[in-house]
Each structure stands twice: as structure tokens, then as C-alpha cells.
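To begin, one chain is listed below as C-alpha cells, in the form predicted alone.
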């Protein structure tokens, strides 16, 4: 959120009609390439819901592009006014320019460019936490986005990205979070940093693993819980599993040889939080 006492930069409104406009090219680069997102510290989120969620959560916003349909939409206009008040440049664009920005034939009426937020291992505190999910080399942006959304749904504290993970600020991942990205803290760390963190974790450190002999419904999960999930293809590496106090398995009786990572994480999270969730 803006800090009190600091003068706030007021944004402006700019009409863009050319596909070759430098801002259009910048947004296209953020959509298409992780390198541009990493270098700029920015990312793109499409849609009015995500724009509203980001503004409500106080995220920094650089641009808000509004298409023709947004100009008669009171919610979109309110979002644009709020973004402008926070210093964003409001881009009034045609549907064709919006399509060029997002590389979609049927783009959303609103597209925002926001500042990334990512924690380091040193920023993580177990105090007051419910459950953190640590993901070892997650590769699929849809899986990552869905897990972030599920962590939000169960009242989890955050998501740790361990090792070479997919970009949480890729458009596909952001879309899959359905706005939960703006409410769930993310942290990025190396495997060694995770091991040190897990070694001093005060609550249960549980991981799903092929060598797990404990039914996931059996443990008394002591909060704060650290739930560790492995890579989609290779699962959790043995040295990561050794850093955990409890290795769990989800029973299967059909012909499927494994569960989708996001599904397995969701099942585990709802069991971990079962006694703390109420309708």
C-alpha cells in the first residue's frame, strides 16, 4: 500500500492507436518472454477481476489498458480511476491493439501491468503461519497457478518455489490463480536454502513421496505445516524428502499411476486444514 507522508505520483491517460507503439511492444514482451519480466520486475494480468483484485490488495501498477468495452463499464471505469490515482498510465486502446498486446483474437476488456513481489528464504517466518507449500522444480504454469489459488482457498500462508521453477508471473500462471496471486505471498529459494529452513521449522514438515508409508489422512498436522511437493515428472528428490519429518501417500485403487500435482496438493491441503475449515 502507498506509504503515508510520501507524495503520490498521479497517472495520466494516453490513447494508443498503433501496434508499433513502444508501450505496446513492451507489454507484448512481458507477455511473451520470461527474460523481459525478470529484467523489468513487471508482469501482465488480464481481465477486470484481476485488475480489481490487484488494486484492492494494494499492488503497484504501471499501466492499465482499457478496450472499447471498458469505457461504458462502471466497474472498469472505477478501476481505471483508482489506477490513475496511484500513478498508473491509463491506455485507451482499440480491440485490435489489445489483441496485439496479448496475442489473443478475443482479448479481455482490461489488461494491467503490475510490479512483481517475491520473497527470499530469509523473509520467511513460521510465526503465525498456517501452512506453507514448498514446490520442488514445478514446471507447469497452470499447476502453479492452481496451487496458489488452492492455498488461498484453505487459508494457507504462502508458496515457496524451490530450485528451477516455472515463472509465477507468466500469463498462464497468473490466469490460473484467478486473482489469488495478489493475496498469497510467494518466495523463491535454492534447494540448500530450503533444507536449512526445513531443518529449523517448528511444525510438521510433510511431503508426498513414493517411499511414503503414512496415509495422508493419518498424521496430526501440527501448525505451522510445511507441505513439500515434487516435480510433475520426477517427483520429490530423495535429498528433499530427507529434509521432511513425515512422508505421506495418497491411496489410489484405479489404473492411474499418479495424480496431477495440483490435484494432489489440493487433496493434501484440505486434509491438513480439515479441522480448521468451517462452512
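Positions refer to the first chain, counted from 1. Everything numeric in this text was worked out from a predicted model, so none of it was measured.
Beyond what is shown, the protein has a form predicted together with S-adenosylmethionine (SAM); the following relates to that form.
**Q** Residue-level contact is defined here as any heavy atom of the residue lying within 4.5 Å of S-adenosylmethionine (SAM) in the predicted complex; does residue 12 satisfy this criterion?
**A** The answer is no: residue 12 has no heavy atom within 4.5 Å of S-adenosylmethionine (SAM).
**Q** I'd like to know whether residue 244 contacts S-adenosylmethionine (SAM) in the predicted complex, with contact meaning heavy atoms within 4.5 angstroms.
**A** Answer no; every heavy atom of residue 244 is more than 4.5 Å from S-adenosylmethionine (SAM) in the predicted complex.
**Q** Can you check whether residue 264 is within 4.5 Å of S-adenosylmethionine (SAM) in the predicted complex, heavy atom basis?
**A** Although S-adenosylmethionine (SAM) is absent here, residue 264 would touch it in the predicted complex, with heavy atoms inside 4.5 Å.
**Q** With the partner left out here, check for me: in the predicted complex, does some heavy atom of residue 146 sit within 4.5 Å of S-adenosylmethionine (SAM)?
**A** Contact check for residue 146: no, nothing within 4.5 Å of S-adenosylmethionine (SAM) in the predicted complex.
**Q** Counting any heavy atom within 4.5 Å as contact, can you tell me which stretch out of 247-255, 57-65, 37-45, 217-225 lines S-adenosylmethionine (SAM) in the predicted complex?
**A** Stretch with heavy atoms near the partner: 247-255.
**Q** Just one of 27, 229, 240, 70 has a heavy atom within 4.5 Å of S-adenosylmethionine (SAM) in the predicted complex. Which one?
**A** Result of the distance check: 229.
**Q** Does any residue in 233-249 get within 4.5 Å of S-adenosylmethionine (SAM) in the predicted complex, counting heavy atoms only, and if so which ones?
**A** The stretch 233-249, when checked against S-adenosylmethionine (SAM) in the predicted complex, contributes 233, 234, 235, 236, 248, 249 at the 4.5 Å heavy-atom cut-off.
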